[in-house]
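Form predicted alone, single chain, as structure tokens, below.
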């Protein structure tokens, strides 16, 4: 996956620099620097990151943000207004749900949450709805049939936004399957090193230009240092995702054979409810798997203390393998009923595979079963 083919140079230096420089400037001389003008509006380093992501996504345009939630909130606030219809499945990152069921609903948006899986989304569609979903959902790992959903959404005059953070452009390009916008938390796999917070949205020029204009108003812009590090991360994205795909599939298959946990959840396993969809639209099944320990194994903090190599953290997508307990971490803001609806309880864990030796990882995970 190279982005070095047929690329028109963006700004005038860096013709002789092997890495695109950080333009650490809050403003630019006028009239020569009118294209950038003020750092909140545009920056050459951030623009370069957007250009690269557009090439990876097959998009006309990309704009970048200070966080994944900045990308989500700015996009939703741009495309929705009081009286608009928003459809989203239950299995989403908790903050994505909370902005919809909290602020947007109070603002007058007609928010409809539906059950997990493609069929439930299709049943919930109404004329003119904006549909927001995750290509591979967090943390229950449902895989949505973007091709079918996008066709149905467009027949009803709606718009489809796909958060493809878990898949990455290596495994999936949502725009190829009809999505209007592909969105990423760059803090995860694209950054890849647990050292940045950022987000991006990609799609048609007409949509992205509207979102970008509102980004400038909201001030959810990305800083050039973050853009520089995200560009660095992209250089090894293909290698890291390929290794993560292999590690996750290896681990899922081995743990399933061993039968040491109550449940192994991974789209690459034949028993996964969306395995056929995943096999059709994904180039790799992803670097994240979830599992449920047997009841009575111990409290979540006792189990995490058994790990010697894997770190527990409220994140994913790095070169190192990380484990999380969604009920007390990423989805801690949800109530018990909401957690139950997406299959999350105190025995549920999410594992993001890095690039380590898979034997080391499985040996460590098995400590939780003993």
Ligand code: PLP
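Positions refer to the first chain, counted from 1. Note that the structure is predicted; figures quoted are calculated from it, not measured.
Keep in mind that the form predicted together with the named molecule is missing from the display, and what follows is about it.
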| item | value |
| --- | --- |
| Proximity of residue 165 to the named molecule in the model of the complex, heavy atoms at 4.5 Å | yes |
| Exercise: residue 198 in contact with the named molecule in the model of the complex, heavy atom 4.5 Å | yes |
| Residue contact check: residue 272 to the named molecule in the model of the complex, 4.5 Å heavy atom | no |
| In the model of the complex, residue 177 touching the named molecule (heavy atom, 4.5 Å) | no |
| Segment assignment from 341-349, 66-74, 305-313, 37-45: heavy atom within 4.5 Å of the named molecule in the model of the complex | 66-74 |
| Position in contact with the named molecule when the complex is considered in the model of the complex, options 266, 93, 261, 300, heavy atoms within 4.5 Å | 93 |
| Contacting member of 240, 173, 188, 97, with respect to the named molecule in the model of the complex [4.5 Å, heavy atom] | 188 |
| Heavy atom within 4.5 Å of the named molecule in the model of the complex - qualifying residues of 122-139 | 134, 138 |
